[in-house]
Structures are given as structure tokens and as C-alpha cells.
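The chain below stands alone, shown as C-alpha cells; this is the form predicted alone.
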Amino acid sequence: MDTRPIGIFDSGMGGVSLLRDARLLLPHENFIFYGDNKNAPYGDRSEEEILSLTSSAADFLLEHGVKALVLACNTATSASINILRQKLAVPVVSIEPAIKPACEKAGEGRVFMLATAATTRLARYRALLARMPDPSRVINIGISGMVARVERGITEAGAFDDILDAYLEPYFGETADAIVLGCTHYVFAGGAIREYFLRRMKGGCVLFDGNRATARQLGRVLERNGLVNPFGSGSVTFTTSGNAPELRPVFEKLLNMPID
């Protein structure tokens, strides 16, 4: 039995969506969440900046005695996962955009991959995209502005229409078989995003994200390394580089939102 906490890191609050799934799958585990809200968002930063900030966050969580680290940020994963796995003495699990299951969905329409600008341009994602059966089916949309709204706890339908219009207007009327939420922040806005697509486009507009697959992988890694905590009710500790009293209510709101 290993009661040490699992560290979950995100550039802000988006990783809370993965934390929710991890708690459901691993109810006995203790978690410490760290959001680098002071430096968010990462999506418009350079690869070198993202790597430096992610490494500092990993060091912070290791100082708090975590037994495993989860990168709950697609942008941080793209920039730093290989280096962190070489550097750290604990297992590192990371999320990646769920374009594989999205591309496996039958249909003649397009797969829209919504992420931060950094995620769509970094080499790790481009390599993942190249392995798809038909990369040309995927439309990559690097979006700025949505993360900041989710960080304020804004998630309702219609709240992102102006931002989405700015990026998606050229595709109005297209058939959207699938929508990949390639940023963990966007999971909280998933309902609003799908509702927007259904108004502007044709097709099933089915949502995909990598959270549950990542939570399942975390469970396998814990078992493989003898790190499972099989007893207890589990706990969550919130930490941030930002203003904790101001951000804690947002964290608690997002953590307790219903999961579809």
C-alpha cells in the first residue's frame, strides 16, 4: 500500500477535468493538484518557455512527495514529456489529443481538432497526426481566448461564440463527424462547443477528449510499479502559483461539475 499522493499538473484549471475522471477510476488515491495559474495560458508561449515552466512545476510536486506525476495539459505534454521521463525518478503519465478514436469514427465529414496554438504546432502532435489513416481529414484549429474564460469558471452555452466565430467561420456548413477537445480546459466547455457546432455545421459533431484514457493509463502505471493505494476514501489538495483564495472557489466549482 502506497498512500503518497499523485501529482496532477496543468498550466491552469483545465487539468481539473482529468482529476475528476481520475478520482472516479481511482477512488482510494490521494491527489495533489498544481495549477500554474500565474503563468497561464501556456498556449501562446514558446516551446522553451513551456518546458521551463513544466519542469519547475514537476519539481514543486516532487518536493510534496508525489509517487507519480500526471501532465494534464496537452501543451505541456507536447513540449516536455520526453525530457521529464528521462529526468524524473517517478512515473510520468501524460495526456494527448484524442484524434485516434476521433479518426476511427466512420463518416465522410471532417474531424475538427480544437487546441491551443502551441499544441497544434509542436512536433509531438504533428507526429501523432501523421500516423492517422487520413491526416487531411483533420482540421487543426489553434484557439486563443477560451482558456482565460474557463479559468474564470465560465462554461455555459453561448459563452464562447465570439471566439469560435473568429476561428471557425470559414468552415460553416461543413460536415463535422467529430470534435477533438485537445485542451483539458475545453472539456468544461464541451457542451457549449458541441451546441455551437450543431448550429453552424452538419454532421454528428461527436466530442472526444483524452481524459478517461489517461486516467486508465494512470491506473495501469500504478499497478505496474506497485504504487496502488487500495484503501481509504482519497483526498484532493489544491495548490497554485496564483492567488489561492481567489482561485479555490473556481477549482471547487469545476471539480464538482457533473460528468457526462
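Numbering starts at 1 and follows the sequence shown. Since the model is a prediction, treat every value here as computed from it, not as a measurement.
What comes next is about the form predicted in complex with D-glutamic acid, which is not displayed.
K.L.:
Is there any non-hydrogen atom of Phe33 lying within 4.5 Å of D-glutamic acid in the model of the complex?
P.N.:
The answer is no: Phe33 has no heavy atom within 4.5 Å of D-glutamic acid.
K.L.:
Taking any heavy atom pair closer than or equal to 4.5 Å as contact, tell me whether Val180 reaches D-glutamic acid in the model of the complex.
P.N.:
Result no; Val180 lies far from D-glutamic acid in the model of the complex.
K.L.:
Since only the chain is shown here, I'm wondering whether Ser80 would be in contact with D-glutamic acid in the model of the complex (any heavy atom pair within 4.5 Å).
P.N.:
Outside the cut-off, so no.
K.L.:
Do Val147 and D-glutamic acid share at least one heavy atom pair within 4.5 Å in the model of the complex?
P.N.:
Because a heavy atom of Val147 falls inside 4.5 Å of D-glutamic acid in the model of the complex, the answer is yes.
K.L.:
Partner absent here, but in the model of the complex, which of 156-164, 172-180, 127-135, 69-77 has residues with a heavy atom within 4.5 Å of D-glutamic acid?
P.N.:
Residues of 69-77 come within 4.5 Å of the partner.
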